[in-house]
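The data below hold one chain only, encoded as structure tokens and taken in the form predicted on its own.
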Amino acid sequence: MKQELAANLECDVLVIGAGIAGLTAAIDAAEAGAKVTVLSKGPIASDGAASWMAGWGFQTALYPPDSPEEHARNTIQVGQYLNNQELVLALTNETQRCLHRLARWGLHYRKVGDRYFQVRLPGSTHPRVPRLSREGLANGIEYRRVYPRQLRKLGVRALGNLQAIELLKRNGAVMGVIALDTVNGAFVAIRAKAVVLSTGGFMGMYRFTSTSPTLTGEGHGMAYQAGAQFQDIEFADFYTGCIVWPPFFAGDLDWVTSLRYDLAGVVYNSRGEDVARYKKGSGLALPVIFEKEIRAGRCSPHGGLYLSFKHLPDNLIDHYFSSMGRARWIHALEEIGVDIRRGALEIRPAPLESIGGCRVDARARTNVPGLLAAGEITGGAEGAFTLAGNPMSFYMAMGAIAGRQAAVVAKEVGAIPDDLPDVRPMMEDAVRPLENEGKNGVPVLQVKRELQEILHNYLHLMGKTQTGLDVALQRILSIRDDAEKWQVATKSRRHNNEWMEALEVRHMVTVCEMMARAALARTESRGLHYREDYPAPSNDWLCNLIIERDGDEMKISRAPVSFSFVEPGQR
């Protein structure tokens, strides 16, 4: 069936993705004088962006003896020296401006005198994380309150319920996107002088995850098809302890993290052994230790470990609860009959954040003209591991840098071409799952479940061996080869969530292939990339792994790290 465009829009700067990085990019580009459009596959500021789930982590160096340079050193050391050091310095210098702007917008931070009250997180040499004045309130809730107001003030065109499908290119440069209106099933083209990709990460692909299941790597897939380079896709962050039981809180991590650290919670396996203590000295990161225990069968009935506070007196726990201002999670625990004074919560590691992604420079530019990237879709800022509290401040800072740079690019480009590349093949490819039917078709939901099984068994904290990764890669390639047979049961174009998942799965396959190839190539263990057959780090691998498209093939190579600011082992 012939496909037609319902709309053909234009702007100076197009931002794809409306989390913290995207909305910050839109605001900064608009403040620089650009005509900006931002699109989201859900309602603006009510979509599945990880930003709205954020806790209170926000690293920024404000007062001596701390400094942006010291913040950068901490980031690079925790990142095990795989970071893009120029990018890290650009971000640590930008975070102060981001914080002060949030305060002007109406976020109320606790102060002692005229200074922000800040706390120190693991890996940081100084207290660097400001706390909101109201205890127990998450930053994500506040971000969602203030950001839409700024968009309206600046006249940014915000388009919700538009799912980006493929980037448009002309003469090698990105010039817009083809998107699907998920409400009525119509196709929309948006032309732009510069495009900022801020679609988030891909850790929502996993079956059990701490992040939004909408984060399935569409931006990664689109950027790869457009020719963008990726780096260090094998690295990702898994949070040590997310709730698996009681099910009411499954996947939650923020409040349980505060609870675990503030009250010195102890994590036991099913034998009653303090896991962190008896595995001390193993050289493994805590999430890997926990996952090994679970996969060895020393787990709770619901596949987790036991987080206990029974070693504490009741009145101490009561005092802590009262100091939290009776936060909502306390009421929820009481309502479902969970008393942490007597019983344990069940937790396990869960996917949290993509660390590798689009390769960008210190101005958030990719190797593809006209295409910038910001936020979790990028690689290089965090190296091999995340400094606690960095992600949200770095996403915001990178969004600000990308927005300003996109406005510069837009001024350099001049006029937007009136005509479009041929978008019919893109639209026909997108509707194929709707048109396919019959017994030879492959249900998209079956494909998604198979990918999740591969992710859990071979591309999780455990399971990375030569044999296992070879199996994973062959299964992924087999799934990719059957893409033309994928079909959905619901054939309507309006509000068809199954069709939206089909469009997501196309990019999931690309991301899974990148993950498998990168994990196969890096024959060492570093950060949370744990190769069971290469369990130690190697100086031979003090480099970045680069992935890019080469015709129909996925090319992988190494790139040296530039130690322009701090060298390995240097204070």
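Bear in mind the structure is a predicted one, so any value in this text is a computation, not a measurement. So that there is no doubt, residue numbering starts at 1 and follows the sequence shown.
Same protein, other form: the form predicted in complex with a small molecule, not shown, and the subject of what follows.
At a distance of at most 4.5 angstroms from the small molecule in the model of the complex, none of the three residues G221, G379 and Q452 contributes a non-hydrogen atom. With the partner removed from view, the residue among N544, S40, T37, T60 that has a non-hydrogen atom within 4.5 Å of the small molecule in the model of the complex turns out to be S40. Checked against the small molecule in the model of the complex, the residues V409, L215, I476, I347 give one hit for a heavy atom within 4.5 Å, which is L215.
Heavy atoms within 4.5 Å of the small molecule in the model of the complex are found in exactly one of 300-308, 363-371, 157-165, 442-450, that being 157-165. Although the partner is absent here, T199 sits close enough that one of its heavy atoms falls within 4.5 Å of the small molecule in the model of the complex. Remark: A50 counts among the residues lining the small molecule in the model of the complex, judged by a heavy atom distance of 4.5 Å or less. Contact annotation: Q85 falls outside 4.5 Å of the small molecule in the model of the complex, judged by heavy atom distances. Using a 4.5 angstroms threshold between heavy atoms, Y534 stays clear of the small molecule in the model of the complex.
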